[in-house]
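Listed next as structure tokens is one chain, alone, in the form predicted alone.
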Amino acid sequence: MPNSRKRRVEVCFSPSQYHLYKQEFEIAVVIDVLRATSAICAGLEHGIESIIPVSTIEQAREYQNQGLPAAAEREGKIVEGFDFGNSPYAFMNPELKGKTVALTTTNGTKAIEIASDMPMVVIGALTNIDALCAWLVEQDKNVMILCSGWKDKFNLEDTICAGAIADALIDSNKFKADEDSTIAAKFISRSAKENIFSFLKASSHRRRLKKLNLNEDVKYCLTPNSVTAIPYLVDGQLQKLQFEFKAKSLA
């Protein structure tokens, strides 16, 4: 495929920079590795029917008052008055199968809301990375990878995941990248590939979660390919895409 016909894939480091990228892309991949998008992927993989992402605690409480299971997290902690936050393990609860769950988090749900004006929004994490990349390659559309970061700031774990996705798409020979942010994300991801746990040991959010005794969540979120669910946003709700992932799809 001639270079001029290749689709673009670019990495946006934080929601605060989204407006600089959005005009040129048809698909936004929103990433919040620790822990929102990992939890969303886990929930839809384990039978949750749909997840309503909202940016405020008040919105989540409104859904809770309507009788929906509602999850809320701020600063890594479960918000008072809610049964759970954004632990992936909470979203695997068999009692949530077939249900719609409302979710608000410090960073991830805000990023989803910001990207909601994109023609297509899908959810990415390390946990679904191979299935997601296989699906993206099939779409033949320009892809922006939006890192949720931490309160509009750069973070390492989302950048590593974004770089790995960009690398896989470029390796398919169907995509190219022009932005320095994408090049940087690729090389950071490659540097971390051999031992992502060690690489992220000093990262700010991993330290934050460690203080809250959430190491099992961190371990789950940093382990690639435990699920194949690809959540996508439709009418304000995240649902599971119908996509049959085959492990050799990128070969």
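It should be emphasised that the depicted structure is a prediction, and the values quoted were computed from it without experimental measurement. In this text, residue numbers run from 1 along the sequence as written.
Not pictured, yet referred to below: the form predicted together with a small molecule.
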With a 4.5 Å heavy atom cut-off to the small molecule in the model of the complex, the contacting stretch among 127-135, 100-108, 174-182, 160-168 is 100-108
So which of Val29, Ile51, Leu34, Cys41 gets a non-hydrogen atom within 4.5 Å of the small molecule in the model of the complex?
-> Leu34
Which one, Ile196, Leu209, Ile188, Ile57, lies within 4.5 Å of the small molecule in the model of the complex by heavy atoms?
-> Leu209
Using 4.5 Å between non-hydrogen atoms, is Phe154 touching the small molecule in the model of the complex?
-> no
Heavy atom to heavy atom, is Phe84 within 4.5 Å of the small molecule in the model of the complex?
-> no
